[in-house]
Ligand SMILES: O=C(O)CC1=CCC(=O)O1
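Single chain ahead, written as C-alpha cells, the form predicted alone.
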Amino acid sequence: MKLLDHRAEGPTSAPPLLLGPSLGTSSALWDKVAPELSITHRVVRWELPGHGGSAADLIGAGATVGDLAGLVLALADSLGIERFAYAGVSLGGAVGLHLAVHHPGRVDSLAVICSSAHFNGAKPWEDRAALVRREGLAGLAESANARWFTPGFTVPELVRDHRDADPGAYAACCDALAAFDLRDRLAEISSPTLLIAGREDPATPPVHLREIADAVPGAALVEIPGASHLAPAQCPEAVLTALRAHFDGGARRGMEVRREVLGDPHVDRAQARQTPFTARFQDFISRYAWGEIWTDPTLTRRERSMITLTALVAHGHYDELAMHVRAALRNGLTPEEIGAVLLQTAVYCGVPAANSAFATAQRVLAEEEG
C-alpha cells in the first residue's frame, strides 16, 4: 500500500505529534517550528498527495477531506502510532477537524491553524480546480505570496513547492475543500482543541477560527498579530509558544508529581536556579522523568524510591541520594526500610558505596527527625 511521504524527528519513545500542511506547500512549512517541537515529541510531518515526495495518485478527482484523513491514519498505523496529538494548517487543519469528529479515539489533542470548518462554499474551489486542470500551477503560484503572507514577506521554498506540485493532485485537494463543511459536527469534538488565527489572513480570517472555538467545547483561540495564512512560516515563535502551551500536558503532570515526590521547597529552588541555558534540561526532566516514568502505574512510588536509591548508590551520586532519601520518606518508606535497601546495595554495589550511602542517609534522617 502506498503511503504519504513523511518526515519523522524526535525520540521514538516521545508522545507522537502529527503535523499537516496547507494546500500547495510541503513539510517545509514547519521548518521553523518542528525541530523545537521534536525536543519533547515524536514529530511526523506528512505531505499532501502530489506535494513533496507523496505520490500524486493517492487521490483523484472528487476526493474528500475524509480521504486525506484516511491516508493520514494509514501512515500513523504504519508507524505504530495509535493515538497522537495533531496540528494542521488550512487543509491540514481541516483534516485534523475531520479526524477529531470521525476518529476521536485517535486524537489526543488538536491544534487547528489558519483553517476553517468550511472554506467559503464550493464554487471558488471548483473554479480553481478547473483552472489548474486546464492551465497547471505556474500562474496560480505567481499569486501565492499575496494569498499566504503579508506584503514584503515570502518563503521562496514554499512558493517553489506550490509551483512544483502535481496539478491533478492539487485539483483533487481543491475538490476536497469544495465539499468540506463540518460546522454541524463541531460540538462533537472532545479532544482538547486550540485554534490559531492569523490576524491578517485573507483566506481563513479570524472569524472562521472564532466560529470553531465557539462551537467546540472548551476550545481556546489565539490570534497572532502580523500573521497571514501560513503563520508557522511567518510567525514561528508565536505559533511555537501557543503549541507548546497546548501540548504540554506531560510537563504539567510531571511538575505535579515532581512536587509530590521531592517537595515544594526543592522544586522551588530548582526553578529559581533555572537559566535559559538549563531551561530545556528542566523541561526534559519534567516531561520524561516525572511526566512519563514516575507516572507509570506499573510500579508504586514506594517501589520506584527503592529502585532509585539503589541506582544512586551504584553510581555514587550521594547529593542526589540525600534528596531521594527524603523522597522515599515522603513515598511511605520507613527509616528501617531505607536501611534495608542500603544494606542490599552493600552486597551488589560494594561495601564502600554502601558505607557512604549510610552516612548520607543517617544525616538526612537525623535532619528530618529534628
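Here the structure is a predicted model, which is why all the values come from computation and not from measurement. Heads up: residue numbers just count along the shown sequence, starting at 1.
From this point on, the text means the form predicted together with the ligand, which you will not see here.
The site on the displayed chain is open: the ligand, placed by C-alpha superposition from its pose in the model of the complex, has no atom within 2.4 Å of a backbone or C-beta atom.
Site annotation in the model of the complex: the residue of H246, R147, R199, R185 reaching within 4.5 Å of the ligand with a heavy atom is R147. Proximity to the ligand in the model of the complex, defined as a heavy atom within 4.5 Å, holds among H229, R287, H98, R258 only for H229.
The ligand in the model of the complex comes within 4.5 Å of no heavy atom belonging to A361.
Of the heavy atoms in R128, some are within 4.5 Å of the ligand in the model of the complex. The ligand in the model of the complex is not approached by L158, whose heavy atoms all lie more than 4.5 angstroms from it. Contact between F180 and the ligand in the model of the complex is not found at the 4.5 Å heavy atom cutoff. When contacts are defined as a non-hydrogen atom within 4.5 Å, all of S90, F119 and A203 contact the ligand in the model of the complex. Here the chain stands by itself, but in the model of the complex one stretch of 191-199, 263-271, 218-226, 119-127, 119-127, has heavy atoms within 4.5 Å of the ligand. Shown without its partner, the chain has S22, L23 in segment 22-57 as residues with a non-hydrogen atom within 4.5 angstroms of the ligand in the model of the complex.
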